[in-house]
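Next comes just one chain, in structure tokens: the form predicted on its own.
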Amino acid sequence: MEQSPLALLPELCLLGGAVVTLLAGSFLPRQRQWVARLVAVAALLVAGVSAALAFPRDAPLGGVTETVFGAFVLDTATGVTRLVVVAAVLLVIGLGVDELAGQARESETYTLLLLGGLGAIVLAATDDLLTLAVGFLLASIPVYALVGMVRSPGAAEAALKTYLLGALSGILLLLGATVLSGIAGGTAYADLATGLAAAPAAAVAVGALAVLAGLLFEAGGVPLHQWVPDATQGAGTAAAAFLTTVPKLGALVAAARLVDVLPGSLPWPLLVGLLAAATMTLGNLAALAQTDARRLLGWSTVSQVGYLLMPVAVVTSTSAATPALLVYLAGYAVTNLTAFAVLAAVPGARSLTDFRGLARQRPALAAALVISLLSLVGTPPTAVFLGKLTVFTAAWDGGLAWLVVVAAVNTVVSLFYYLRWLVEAFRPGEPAATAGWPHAAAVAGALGVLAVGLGAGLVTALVGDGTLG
């Protein structure tokens, strides 16, 4: 593989942008913190352009042609993750303008968003256990701070819970990485692929499950999901939108890369499939009882991780798994952020009943809510419908037909709590006052949801086909 440090230009832009944003915010008065916002947006735009220019057009998904320092893979999965992360952080900043403008920690928030996005990309691109640990810390620490930015008892409790679970997950991940590298004789995934083949199955299972536990915390999957609903409810809206979207992008691609190199001495498709079934089922059943819109979306995002684990389970069985994962991640990101943009646009609304009258008084915002929630269900022609279609197909091709049945039943269950929210939006009432920037972000996000769904051919052509490198 070739070595090309300049290929890390998107990551360098995010890192440099975070440093400049922090420094700019330190010297600017509070009423001029918008300059820090502009710096952050400029860094994201440059990172997005450089990621698009560096996108591997000629190589299929499995045709890896470049790596950096033998630990950072530049394949289609990395290219897609870069673009989706940059777009997601831009949308988070857009929906959070009214909430963050003029706050004492406005520039620090933008810095944390950039660093968290950088951590997600590192997670997705790594093929080395040591770099995976670095990516985990880089993606996790900004989340702890973002959750605790709001000075409220709920935010403090959520930040403490997130930190404690994150610390436990980090220890498990490092423990697993130590076990795997010890028995494989190296930390690179290439060493794992060869060194673990003849290793004792029990030792491989302990090490791999410990590393996967760390990634499940990052993604918000069972059994390390407990922080997600509390953090979503207690954090600010922009922070909640970020933590339920961006870390997942990196963690699930990282999980797919790890499962792809594990030996077949243990039934990894069955184990990951069981985790997927438990995650989507628990998330959907818990969401049924929620009356707080933020907490409902928190449990919704847990259930979505279950669907996203389906292609991870069959990543070694079918070449359709990785493209399906990337398509679903892109569709989920724009859909979930659109739903949070609607929340940000009605900052005074907390319970589902607070959205009564939205369809009559704010039809564009109500349309964005309808599109985002129907997309989360998986209704055509939306982004998550395309994602569910591809992951269901991949799981079926990979021999997990039972998991497809479980996912289909869960999709029907999810319809009830999403429709309950929509019914409230269409009932007569007087909704709370709306904010301008989040309103525009919600409409833009809704158009993105439809664009991904209607542009299925273009999206699937972008992710290509094949296996991870």
Partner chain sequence: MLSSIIFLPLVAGALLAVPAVPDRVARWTWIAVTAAEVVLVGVLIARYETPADGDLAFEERARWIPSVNSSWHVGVDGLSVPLLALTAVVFSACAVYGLREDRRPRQHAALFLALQSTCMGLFAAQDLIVFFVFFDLSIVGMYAAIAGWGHGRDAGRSALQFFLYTFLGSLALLLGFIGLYLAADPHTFDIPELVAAAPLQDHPVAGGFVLAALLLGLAVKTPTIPFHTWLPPAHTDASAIGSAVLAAVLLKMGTYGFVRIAMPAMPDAWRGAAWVVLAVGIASVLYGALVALAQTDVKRMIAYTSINHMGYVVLAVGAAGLLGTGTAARELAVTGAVTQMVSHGLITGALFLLAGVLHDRTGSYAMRDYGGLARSAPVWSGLFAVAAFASLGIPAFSGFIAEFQVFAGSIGTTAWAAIALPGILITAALFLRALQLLVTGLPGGRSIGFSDVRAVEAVPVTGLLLLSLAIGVLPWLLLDLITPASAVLVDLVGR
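Positions refer to the first chain, counted from 1. Owing to the predicted nature of the structure, the values given are computational and were not obtained by experimental measurement.
Beyond what is shown, the protein has a form predicted in complex with the partner chain; the following relates to that form.
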Testing 439-447, 24-32, 37-45, 412-420 against the partner chain in the model of the complex with a 4.5 Å heavy atom criterion leaves exactly one stretch, namely 412-420
**Request:** Look up in the model of the complex whether Val49 has a non-hydrogen atom within 4.5 angstroms of the partner chain, and give yes or no.
**Result:** no
Note to self: Against the partner chain in the model of the complex, would Val405 count as a contact residue? Criterion: heavy atoms within 4.5 Å.
What the structure shows: yes
query: Quick one: does Leu389 come within 4.5 Å of the partner chain in the model of the complex, counting heavy atoms only?
result: yes
Though only this chain appears here, would Leu9 touch the partner chain in the model of the complex if you measure heavy atom gaps against 4.5 Å? no
Answer key: of Gly154, Gly102, Gly185, Pro380, within 4.5 Å of the partner chain in the model of the complex (heavy atoms) is Pro380
Contact with the partner chain in the model of the complex, heavy atom within 4.5 Å, among Phe385, Trp227, Trp268, Phe72 goes to Phe385
- prompt: Can all three of Trp396, Ala456 and Thr460 be found with a heavy atom no more than 4.5 Å from the partner chain in the model of the complex?
  reply: yes
